[in-house]
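Take a look at this single chain in structure tokens; it is the form predicted alone.
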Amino acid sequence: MTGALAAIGASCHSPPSTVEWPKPATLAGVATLDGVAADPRDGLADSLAVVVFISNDCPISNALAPELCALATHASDRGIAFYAVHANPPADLALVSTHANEYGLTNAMTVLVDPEQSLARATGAKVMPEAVLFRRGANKEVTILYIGRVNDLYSALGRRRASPTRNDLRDAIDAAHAGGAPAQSKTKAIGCFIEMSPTAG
């Protein structure tokens, strides 16, 4: 089964999807801010991980940075790995490092750059911020448990609530950690579009 996912519905529920992320064994170009190759699929079988696609210059992504830091701590306390991924990293990666430090991401989670957009293509993520919660398998296969918004702080582009009324990613993390399935496996993420390169991947 490929890593492509169907379009994200606003409030639909479907069984978790076991998908194989791109071959070869390493994801092309995915690396930490120190330039070390990284693969969020790596880890103990049956362990959980979260990938959230972000941008250093997207207002919606930046508005959710404090919640992402809180969620990363919440996940870490439960033994869940948490990654923030730049799918459209700027040419000057110093901007990514500066952004990570200014928004407190560096100490809260692992920040990755994905210039080849391997992770975005594999998961089907379309916007920033968009979250993917998955369970790791034994041979780099993953079971996606949730994909969609972090919360509903934004009801649409340009329409921000005073505070969120639903905390979808937090609820999904808690359900998965307890051994259950999230109440919703897909929600519609609101944010800046990931500009897919026709030559990447």
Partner chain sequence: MLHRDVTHGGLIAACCTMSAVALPPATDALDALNNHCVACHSGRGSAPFRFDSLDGILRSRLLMRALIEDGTMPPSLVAKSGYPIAHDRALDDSTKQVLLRALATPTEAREAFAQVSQCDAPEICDERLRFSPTAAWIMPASGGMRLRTYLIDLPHDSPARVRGFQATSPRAFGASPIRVIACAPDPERSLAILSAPNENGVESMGNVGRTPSGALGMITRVAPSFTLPEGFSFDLPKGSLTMETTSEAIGKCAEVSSELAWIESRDADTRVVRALAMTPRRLRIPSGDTLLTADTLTVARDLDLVGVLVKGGAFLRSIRLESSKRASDTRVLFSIPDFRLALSEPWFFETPVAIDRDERITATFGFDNTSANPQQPHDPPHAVVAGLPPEGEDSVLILLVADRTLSR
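Positions refer to the first chain, counted from 1. The model shown is predicted, which means the values in this text are computed figures rather than measured ones.
There is another form of the same protein, the form predicted in complex with the partner chain; it is not shown, and what comes next is about it.
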Checklist line | the partner chain contact at residue 160 in the predicted bound form, heavy atom, 4.5 Å | finding: yes
Note to self: Since only the chain is shown here, I'm wondering whether residue 28 would be in contact with the partner chain in the predicted bound form (any heavy atom pair within 4.5 Å).
What the structure shows: no
Check: With the cut-off set at 4.5 Å between non-hydrogen atoms, does residue 124 touch the partner chain in the predicted bound form?
Finding: no
Item checked: the partner chain contact at residue 90 in the predicted bound form, heavy atom, 4.5 Å -> yes
Notebook entry, point to check: Is it true that 62, 102 and 191 each have at least one non-hydrogen atom within 4.5 Å of the partner chain in the predicted bound form?
Noted result: yes
Next item on the list: Counting non-hydrogen atoms within 4.5 angstroms of the partner chain in the predicted bound form, say which of 52, 144, 58, 176 makes the cut.
Entry: 58
Check: Just one of 135-143, 36-44, 64-72, 168-176 has heavy atoms within 4.5 Å of the partner chain in the predicted bound form; which?
Finding: 64-72
